[in-house]
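Starting off, we have a lone chain in the form predicted alone, written out as structure tokens.
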């Protein structure tokens, strides 16, 4: 199965910085054997699209509706001709913007209606992690059960496991911790889906120092990279060596 590397730039880079970022990636990235997805701030989506690079384009979030009175929001119908992917359910959206599983479920439906592949983020807090594997399992199962239906469009979805305690903290889950969770996710997906080929990524302080070790994890389809993707040279090295 093709590996996937997703760069989530979050709310970073001005116009000049983003242009320089793209030019560096354009010259440095050589490995397009895998799927490379760039998710910049929405104001740069059209620029990225017009560059006609080999990178796929993703949006960092979409609204749970297709149109209407939603000041500041962007709908899947507005970006379906630009974006192939959309991140949904990121922990920062869940925590800061109080997005709940029902809303995330609706966002996934909007993605599928508009032929955009949703990247569903799930993961546990440090508080849940400290309670043990059964609590982690219960939490992850609820996130999957409440956002996905049996026989949904599972051939067109990506799951990103992002332990909240490892996002932007410099802490990364160990290979054993990730493998344990991948088995939990696979168990639930096998019960609710009609396919066994759903890509599962890891995100949580992936960087130049640890990505090669993380690559050794069986059944891991790739990475969702945050902070380390802000440096185009670091991101290029990860992509080229993956």
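Positions refer to the first chain, counted from 1. As the structure is a computational prediction, the values presented were derived from the model and not from experiment.
Separately, the form predicted in complex with a small molecule exists; it is not shown, and the next lines address it.
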Candidate site 162, 206 and 226: all three near the small molecule in the predicted bound form by heavy atom within 4.5 Å: yes
For the chain shown here without its partner, which stretch in 22-30, 57-65, 196-204, 39-47 has non-hydrogen atoms within 4.5 angstroms of the small molecule in the predicted bound form? 196-204
Is residue 132 part of the interface with the small molecule in the predicted bound form - any heavy atom within 4.5 Å? no
In the predicted bound form, does residue 124 have a heavy atom within 4.5 Å of the small molecule? no
Hey, in the predicted bound form, is residue 90 touching the small molecule, heavy atoms inside 4.5 Å? yes
Any of the heavy atoms of residue 140 lying within 4.5 Å of the small molecule in the predicted bound form? no
Go through 116, 167, 158, 136 and name the one with a heavy atom inside 4.5 Å of the small molecule in the predicted bound form. 167
